[in-house]
Every structure is written in structure tokens, then in C-alpha cells.
Ligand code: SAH
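Single chain ahead, by itself, as C-alpha cells, in the form predicted alone.
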Amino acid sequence: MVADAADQGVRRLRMVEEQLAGRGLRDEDVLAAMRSVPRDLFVPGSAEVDAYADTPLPIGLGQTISQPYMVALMTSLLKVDVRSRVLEVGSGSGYQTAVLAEVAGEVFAIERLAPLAERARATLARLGYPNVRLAIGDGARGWHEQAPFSGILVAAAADEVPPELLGQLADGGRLVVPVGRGRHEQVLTIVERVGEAFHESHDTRCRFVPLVRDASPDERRKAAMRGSSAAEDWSPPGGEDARGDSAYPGEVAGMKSVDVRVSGAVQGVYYRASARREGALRGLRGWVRNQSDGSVALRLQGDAGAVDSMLDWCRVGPPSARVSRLTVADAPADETLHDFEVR
């Protein structure tokens, strides 16, 4: 039987006292955030009864919500406050995002799995966090347009500290990331930037799902030139209709141009404005417009990985949309397109 809100609130306070303060965590801002954020809203209904247990929990698609102590510890290690701009890589269902939003001024979160990202968006909107921006994409590459960040938190394990993220760290900023090749070899790693130097230290051993990184256009081109299996095996998240190299001769390798039609409850729900923002975020060229039959049409043109990421977003759309069907067709490149616009 799922506990009611009052009961969950009692469990949340007990969790903070026993699992966090009781284990030596003394950061009062973080403890206050952990008392405030209802973890039970960020887990599937079947897991609500265990929402405040001292353990990670599955949230679907092979992902987990981190153990409360680890969420609190990583947030504390960032050493951010209301003046800070923070990047979170791997937002999952949004729990760590909400905790960061309680202590930082602005939070920019990236999640590569569209269903999880949209679930997180809906929950964060329900709880009222105006200082959060969440995008769907490859978080290992960071968010160049919003850099630099005074804190970067990576909620997945990397084989090494991602160099792209180091480049987006502000002077005096901190990056907190699990590093290690196997689940039993991971160590929570802290990198602090001082001028052009990076000072690395380590905290505790940990266990996270691996940080998944999409192949870059250059990596895919090199793999294709070598004729390696890497080019054949690489596939973006999104399924078969999001794959397929362009059949149009003369198109630049690694680039993609598609026409998209989105059906369902997709007009009057800010689908076009949201699509324009998401397309621009990914550096795409193209347009979005409403159709007379109630659908939304898009032209997406740009890096193949970015197009595939945008297709993932289109399958869900903004929180109020209800997408019932998505059709995708290859299209010839249009050299007159220079940005992403609403038509």
C-alpha cells in the first residue's frame, strides 16, 4: 500500500536525520534541500513505498535514481550557492535536478532519454522550479551555449573525466563525476579549476550506470572511412525510423536532412515554440509550422546525431502535448536554411 503525503513527509525527515546527518553530512543547505524535495514523486508508483530507503531505485529504461546519501554528498561536494550556475549531466527522473535547484541559482540539466526527460520536466514543473532548464541530448558534451558553469555534476560513471566538461567549467568551479571502468572500480572524483589548471581529488567509492556518449560526426566519418564495425554498429537513440544515412548524393557525411510530421494533440500546446528552442539548442537549421489537419510539420537539417536527438524530443514534445504518431522521411538538403524558425 502506497503511503499518503503526510506519511511520506515523515519518512523524508527520518531519511535526512538517519541517512544523511546521521552519517556525518553537515552541509545545512543541502540537508534543507533534501528535507524539501519529495523523492517519492520522482520514482514509479510501484517504488513509492521504498522512496526514502537507503538505496538507488529503478526508474525505467535501465536507469536508476541515486541513493539519497549519494545525491546529498555530490551536491555538497559541488560547493554551490544561489549565485551559481550548475550543469547536471544525466537528470534521469529529475530528483537530483530538484535538489540542485534548491541550492543553486540556475540549473541546466541534460538527459539523453526523451521519456525520462519529459517525465522529469512534468514533475519539476508540478513542484514549481522556475530556475531549471532541461534539454534532451548528449550530456557528455555539455551545454556550450550556456557555459561556463560554476558547478558540473555528472550522475553517471565515465571512464575518464570528460574533457569537454572541463572546458565548460568556470574559474573556481567544481566538477563532480564518478570515474571508473567497472561498477566495482568507480571513485567519486572532484576536479576544481584554478585559472588554466585543474586540481583533482577523490572521495568515496560508488556505483553508477555508465555515462553513454553518442559518437560525434567526426568519429562516425573516421569509422566509416576505416570500414570498421563501429560505423555499422552505431545507432542513435530513437529507433529504426530515426536512423538511415541520407541517400541524396553530395550531402556531407555525418549530416542529415529530414521532413517530420507529428500527429496528436500538438497544436495550442506550445509545440512550435518549444521545438524552435530545442532545434536551436542542437544547432539545427530548419523550421516548424502548424498544418491545417491539426498536425505539426518540421524540417530538420544538421548533424545526424543532433537530428536524431531532436527526433527523440519530437516523439514526446512539450509537457502539454500528446503525440500519437511521428513520421520521418529523408529530404534533400536546403542551402537556404540558416537557423531554426517558426513558420
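When you see a residue number, it is the position in the sequence shown, counting from 1. Definition used throughout: the rigid core is the maximal C-alpha set that superposes within 1.5 Å between two forms. What you are looking at is a predicted structure, and each value in this text was computed from that prediction instead of being measured.
Below, we refer to the form predicted together with the named molecule, which is not included among the displayed structures.
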Practice problem: Mind telling me which stretch in 303-311, 290-298, 64-72, 275-283 gets its heavy atoms within 4.5 Å of the named molecule in the predicted complex? | Solution: 64-72
Quiz item: Each of Glu88, Leu116 and Ala155 near the named molecule in the predicted complex, meaning some heavy atom within 4.5 Å?
Solution: yes
Exercise. Report yes if any heavy atom of Gly137 sits within 4.5 Å of a heavy atom of the named molecule in the predicted complex; otherwise report no.
Key: yes
Quiz item: Can any non-hydrogen atom of Pro178 be found within 4.5 angstroms of the named molecule in the predicted complex?
Solution: no
Quiz item: Going by a heavy atom distance of 4.5 Å, is Arg112 a contact of the named molecule in the predicted complex?
Solution: yes
Quiz item: Is Ile59 close enough to the named molecule in the predicted complex to count, meaning some heavy atom within 4.5 Å?
Solution: yes
Self-check item: Contact residue in the predicted complex, from Met255, Leu127, Val209, Ile190 (heavy atom within 4.5 Å of the named molecule)
Solution: Val209
Quiz item: Comparing between the shown form and the other one on the rigid core, is the C-alpha shift at Asp40 2 Å or larger?
Solution: no
Quiz item: Which is it in the predicted complex for the CA atoms of Leu116 and Ser309, closer or farther than here, knowing they shift by 3 Å or more?
Solution: closer
Quiz item: Which way does the C-alpha gap of Ser309 and Pro58 go in the predicted complex, closer or farther, given it changes by 3 angstroms or more?
Solution: closer
